[in-house]
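Read the single chain below, which is given as structure tokens and is the form predicted alone.
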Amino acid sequence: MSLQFLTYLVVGATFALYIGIAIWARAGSTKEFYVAGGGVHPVVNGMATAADWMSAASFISMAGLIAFMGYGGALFLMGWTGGYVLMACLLAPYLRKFGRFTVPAFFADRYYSKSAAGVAVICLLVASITYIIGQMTGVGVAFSRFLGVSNDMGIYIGMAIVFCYAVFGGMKGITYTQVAQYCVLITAYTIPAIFISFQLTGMPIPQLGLGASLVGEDISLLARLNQTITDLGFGQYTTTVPGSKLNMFVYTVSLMIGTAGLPHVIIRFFTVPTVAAARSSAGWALVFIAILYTTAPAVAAMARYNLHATVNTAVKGGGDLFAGESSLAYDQRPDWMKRWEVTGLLKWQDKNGDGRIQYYNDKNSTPAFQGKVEAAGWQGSELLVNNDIIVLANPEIALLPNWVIALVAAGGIAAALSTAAGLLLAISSAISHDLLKKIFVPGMSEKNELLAGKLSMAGAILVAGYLGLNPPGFAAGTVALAFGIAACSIFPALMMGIFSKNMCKYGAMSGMLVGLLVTLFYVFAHKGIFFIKGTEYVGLIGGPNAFFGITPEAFGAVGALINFLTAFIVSKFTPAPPAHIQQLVENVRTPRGAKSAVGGH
């Protein structure tokens, strides 16, 4: 059975499953549309939360980033998992006690102001729309490679599928669809990892295979990988930190607090019946997330090793990496390379005219290494490999069966669609519930609110599709930027709303706006705004990473600090919150008074 047919069969079956679940679980009320009726079992909700949280960035991109960053890529593991723990421990239980299922609704009550809710909606929309660009791009990449359609057509298909199960099913349909999507994506991620780990090390458990010895050799996988890439001018896989250690620390913090401030994940804790169930579902979600996140480092290392073993044939057999016959002849490249070249995510340029593929570090290597390169007649690295192909191409590189490759395609699409659906629901609820009903049309009936929610979600799908088809110029780091935006705007206001009874509405709104604007200024100053000084292009703020070497994707943590400082300073010079608001905050933080804070729930 051909790969193309198998891929259509597997992906088509998963789509039929998602749409079938949406029809079965369609929402008939606003409570079912927004929070699935509040009766989801904690284990089910934990699985749905894991799928909602593990986006295309986790499934497709993270292992690729770790593969090429090495040790420094651990910041994504630490940031995203640490952020989830932070949210589960410090935010979710208290927000669940408060009883408001959207972030803007919490802000409206806690900060006794519709204006605060409006500012929260703005921050939520900026973060969610930025985030969703990456999901739609991931859908396009997966479809274009595995279904043989154009990137644009892939996004159109993705929009149609999400429309079917998100608009009609609401949170109820999304919840049970995400359970199915989690099963698909975790199976698709772990099965190839098991195959490849056993193939390379004889150990079927990837987490243990990462530290095991290669089959038939007395050297471990990581030691051989270190040896290979350092021989090719790259830094050691197990110790290299790209950029400064300060930037790695700030980047990790930004991802952590950005994760904790993502509204589409917070809303999931209102789909269970009690506060205790919310805590339980948070624990289950962490278990389900850990399966993928502990597997990712093994997938990354094994994929990097297999890539070099394909291009530099001396990797497996030993020998001189700079000998003429040690690099792969372009005419003899394997089929997987030919297939990925069609997508444009894998490119080769014959710089020295020898017809062979030279893949090495030609930018930041030592003079001694450059001497070896010149002696070999190499004139620059000739292979460009996009990080995002690593997980999707890994089974093909390892020559695994076609059904495994088809399963990975379905998993990548499931990861992107599951998070896109959650984001779309967060956008929909912000517009229909928090803007229309709470601010502009207070007397809206439940029927009209449900209709507005579905229409706003349909509109959000069109916007998301347009941005996926026409990504803005700064879209390369959209997922990290989305976390940074949530970090600098939403997270500090949530924390202060729960743990500072003296934080007033003026401080919270000022902090959110200043944190958001400063972060966006730093991002756009790097990404697209320049002026000319002599013959040199100079960044608006004085050059790349001008603030202590911190990259734009990591700046969210700095924006959050500015948010906190602004909020506390403004609060010192403005009226304190009313006494009943201060008492409400006290009640939410203490189990004994929790029932009075949320009307007995």
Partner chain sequence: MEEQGKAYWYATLRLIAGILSVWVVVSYGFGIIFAGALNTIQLGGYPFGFWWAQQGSMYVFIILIFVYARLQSNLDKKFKVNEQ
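Fair warning: this is a prediction, and the values are worked out from it, not measured in the lab. Numbering follows the first chain given and starts at 1.
What comes next is about the form predicted together with the partner chain, which does not appear here.
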| query | finding |
| --- | --- |
| Single option in T239, N364, S445, Q349 placed near the partner chain in the predicted bound form, where near means a heavy atom within 4.5 Å | T239 |
| Sole residue of Y293, F195, F163, Y359 within 4.5 Å of the partner chain in the predicted bound form, by heavy atom | Y293 |
| Three-residue site T252, R279 and T590 fully in contact with the partner chain in the predicted bound form at 4.5 Å by heavy atom | yes |
| Segment that reaches the partner chain in the predicted bound form - one of 153-161, 230-238, 99-107, 404-412, heavy atoms within 4.5 Å | 230-238 |
| 4.5 Å heavy atom contact, G148 to the partner chain in the predicted bound form | no |
| is_contact(G465, the partner chain) in the predicted bound form, heavy atom dist at most 4.5 Å | no |
| Contact of G211 with the partner chain in the predicted bound form (heavy atom, 4.5 Å) | yes |
| Touches the partner chain in the predicted bound form: L77 (any heavy atom, 4.5 Å) | yes |
| Interface residues of 81-104 toward the partner chain, as seen in the predicted bound form [heavy atoms, 4.5 Å] | T81, G82, Y84, V85, L86, A88, C89, L90, P93, Y94 |
